[in-house]
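A lone chain, given as structure tokens: the form predicted on its own.
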């Protein structure tokens, strides 16, 4: 679905490129978590995929079409929800009427269903909403466009605790086999159980690009107070429960991914991840 081929991008000729000779492929039918340190280029990458930024070299292909061309057939099948945005001070139904025409698969029924998930009503003026409420409404519109590619940058920022729980239900209800949702975030605990694919990037390298089933097939995530067991781990970090550790899953034991420890393993010991998953560089 998305093929990123050897792209280099810099915001200025005098500055170091944010991404340099960077490549990555992502397919459909998945909720993908895009993780990386501050400055790794996650937000920039989303804007490059959407065609809102153009690489200095290389190309981004969406279904084989270069996104820098910004063709209608590409633009009406993808949507980006940035971390920060402004909405006009108009009634929500007017906003829908004026903007839904650009998305052939937009569904008002879906829009209302998603609003209900967030306990929001369609009879609202966007100018009178809080930032958190605006984010909920905008994400509802984004998902209701039924585009094949939905890009979301820090979507849970600004949401209250109930809103974060509603967000997980909201994303799950909008997924299908033909859609790809890419979520870039630092709030890993808000999305960990949503993801079925994880991409970790750092220093122009793809440290990990794998589905969650293959990750839990090869790695076992454990919380333990056993210091001896922790000493045998591939990676360990202290937690309230003692130690959060990652072990080789030699006994094929099911476990839930801990994104924080997985990120630590990938960034501190990329050679282990590369050996296990043959990560594309």
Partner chain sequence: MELNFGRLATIIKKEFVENRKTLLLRALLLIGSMVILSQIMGILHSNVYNKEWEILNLVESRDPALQPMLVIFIIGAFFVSAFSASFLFENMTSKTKRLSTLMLPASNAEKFIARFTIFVLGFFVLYFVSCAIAEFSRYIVLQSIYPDSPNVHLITPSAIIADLDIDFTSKDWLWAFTIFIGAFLFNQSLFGLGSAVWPKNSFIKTFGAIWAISITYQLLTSILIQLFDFSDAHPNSNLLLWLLTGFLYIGTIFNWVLAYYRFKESEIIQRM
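Positions refer to the first chain, counted from 1. Note that this is a predicted model, so its numbers are computed, not measured.
Only in words, not in the display: the form predicted in complex with its partner chain, which the text now covers.
Taking a 4.5 Å heavy atom cutoff to its partner chain in the predicted bound form, the contact residue among 222, 61, 233, 52 is 52. A heavy atom within 4.5 Å of its partner chain in the predicted bound form is found for one listed residue only; from 119, 160, 94, 203, this is 94.
Stretch-level contact check against its partner chain in the predicted bound form with heavy atoms at 4.5 Å: of 184-192, 162-170, 105-113, 78-86, the positive one is 78-86. For the three marked residues, 56, 68 and 73, a heavy atom of each sits within 4.5 Å of its partner chain in the predicted bound form.
Although the partner is absent from this view, residue 130 stays clear of its partner chain in the predicted bound form, with no non-hydrogen atom inside 4.5 angstroms. With a 4.5 Å cutoff on heavy atoms, residue 98 counts as touching its partner chain in the predicted bound form. Within this chain, residue 10 lines the site of its partner chain in the predicted bound form, having a heavy atom no more than 4.5 Å away.
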